[in-house]
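So this first bit is one chain, no partners, the form predicted on its own, shown in structure tokens.
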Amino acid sequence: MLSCKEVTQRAGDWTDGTLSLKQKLAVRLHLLICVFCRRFLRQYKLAAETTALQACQHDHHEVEKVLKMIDDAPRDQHLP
């Protein structure tokens, strides 16, 4: 049986889905009996999703910046 420390050390791999079947089963078995680790992994996953969302928003700002540059570009050039 995994300890709480071992479960928290595997939190990133758990969230990324990169644990082996044996490791997943060991974590799930621990989660059945430990409410603290369930809460920790839930919050860890939420933090990871929030970080990913912020990265997407950063990309959104980059897209807006490029669109503004296109809008501000001189329009006196005529295509053949």
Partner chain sequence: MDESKQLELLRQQDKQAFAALVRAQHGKLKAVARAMVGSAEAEEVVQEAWLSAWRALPAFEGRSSLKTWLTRIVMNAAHSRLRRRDQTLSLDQIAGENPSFWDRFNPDDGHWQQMPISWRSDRPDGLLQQTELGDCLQKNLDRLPALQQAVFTLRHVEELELDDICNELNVSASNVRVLLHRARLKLFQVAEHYQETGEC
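Rigid core: the largest C-alpha set superposing within 1.5 Å between the two forms. For clarity, every value in this text was computed on a predicted model and none was experimentally measured. Positions refer to the first chain, counted from 1.
Below, we turn to the form predicted in complex with its partner chain, even though it does not appear here.
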| request: With heavy atoms only and a cut-off of 4.5 Å, decide whether K22 touches its partner chain in the predicted bound form. | output: no
| message | At 4.5 Å between heavy atoms, is C37 in contact with its partner chain in the predicted bound form? | response | yes
| Wondering, does L32 line up within 4.5 Å of its partner chain in the predicted bound form on heavy atoms? | no
| Going by a heavy atom distance of 4.5 Å, is A48 a contact of its partner chain in the predicted bound form? | yes
| field | Partner contacts in the predicted bound form for 3-29 (non-hydrogen atom within 4.5 angstroms of its partner chain) | value | S3, C4, K5, T8, Q9, A11, G12, D13, T15, D16, T18
| query | Does the distance between the two CA positions of D59 reach 2 Å or more between this form and the one not shown, the core being superposed? | reply | yes
| message | Following rigid core alignment, is the displacement of the K22 C-alpha between this form and the one not shown equal to or greater than 2 angstroms? | response | no
| field | Displaced residue check between this form and the one not shown: A48, CA, 2 Å or over, core reference | value | yes
